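Below you will find one chain, with nothing else, as structure tokens; this is the form predicted alone, and questions on how it binds or moves follow later.
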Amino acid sequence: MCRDKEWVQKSLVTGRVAGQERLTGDVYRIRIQGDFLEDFSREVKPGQFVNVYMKDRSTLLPRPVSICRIQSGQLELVYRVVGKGTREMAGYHRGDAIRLSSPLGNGFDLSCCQSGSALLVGGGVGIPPLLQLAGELNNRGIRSMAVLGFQREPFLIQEMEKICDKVLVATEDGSFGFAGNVVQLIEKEGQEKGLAADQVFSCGPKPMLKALADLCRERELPLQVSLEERMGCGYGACVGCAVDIKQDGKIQRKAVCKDGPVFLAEEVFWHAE
């Protein structure tokens, strides 16, 4: 994959909250507007993220959040409330100031997508960045199918259905769509109707990505994965999100925030989960 040879810290910007809504019990979508979005729209790549800086000074580190999409002059971020920082974000209201970085990380490499079809596989809060990816593929005339997995309540389904040719949903508790996980659903769909794709893109929890990587390797399908690792600084300085990557015949430690979050699945050293 093509990655920047030299990494440079990006700028910080301040926007205003244009709106916020709860998508499920602990998942929220926040919309942000500001003059910086014109620059964002030109440089952002599907799969990148921004660092959101909290107002509470006791929260020293920013919160990395994947870019869901930029639409109608607004930046959309979808996040799950898991701690102090995201609880603060969930309390933001329309008009509140919010400080964030410009787009960070290496996103999905679309240079391989000149024609054909793509399969997008997402799990939980790994689904939001696939919405922007689906839009970009659509703009390039690439047909896409999405397979999305949730523990319980699904979200962003209607948005994906407006862009993708087909959207399949799996829930672990069977409350919506297929009862099971996304890999089981892909295998079932492939057996019953045939499943063809020239490229596969995925974001979600590591066990899901590992199972998908095994399946794609068996079927000789190229797969790009966006890894979800707990980030500290989000800029590559603390190396808290380091993972093992196979390059040049050696295992190397790479920072997900700087060298990723997107890697070729064949590069990732999948430790037993």
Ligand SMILES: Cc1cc2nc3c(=O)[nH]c(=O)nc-3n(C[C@H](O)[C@H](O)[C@H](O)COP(=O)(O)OP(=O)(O)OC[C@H]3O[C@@H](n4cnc5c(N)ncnc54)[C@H](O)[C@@H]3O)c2cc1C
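Quick caveat: nothing in here was measured; it's all calculated off a predicted structure. The first residue of the shown sequence is 1; numbering continues from there.
This next part talks about the form predicted together with the ligand, which is not shown.
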Handout entry: Answer option from 65, 216, 30, 209, heavy atom within 4.5 Å of the ligand in the predicted complex
Key = 65
Problem - Residue (of 83, 174, 190, 73) lying close to the ligand in the predicted complex, criterion heavy atoms within 4.5 Å - result: 83
Practice task
Indicate whether the candidate residues 109, 221 and 264 are all in contact with the ligand in the predicted complex, with contact defined as any heavy atom within 4.5 Å.
Solution key: no
Exercise for the section: Specify the contacting stretch among 165-173, 144-152, 182-190, 84-92, defined as having any heavy atom within 4.5 Å of the ligand in the predicted complex. Expected result: 84-92
Problem - residue 128: touches the ligand in the predicted complex, heavy atom cutoff 4.5 angstroms - result: yes
Practice task
May I ask you to state whether residue 78 is within 4.5 Å of the ligand in the predicted complex, using heavy atom distances?
Solution key: yes
Exercise for the section: Could you confirm whether residue 230 comes within 4.5 Å of the ligand in the predicted complex, counting heavy atoms only? Expected result: yes
Handout entry: in the predicted complex, residues of 23-62 near the ligand [heavy atom within 4.5 Å]
Key = 49
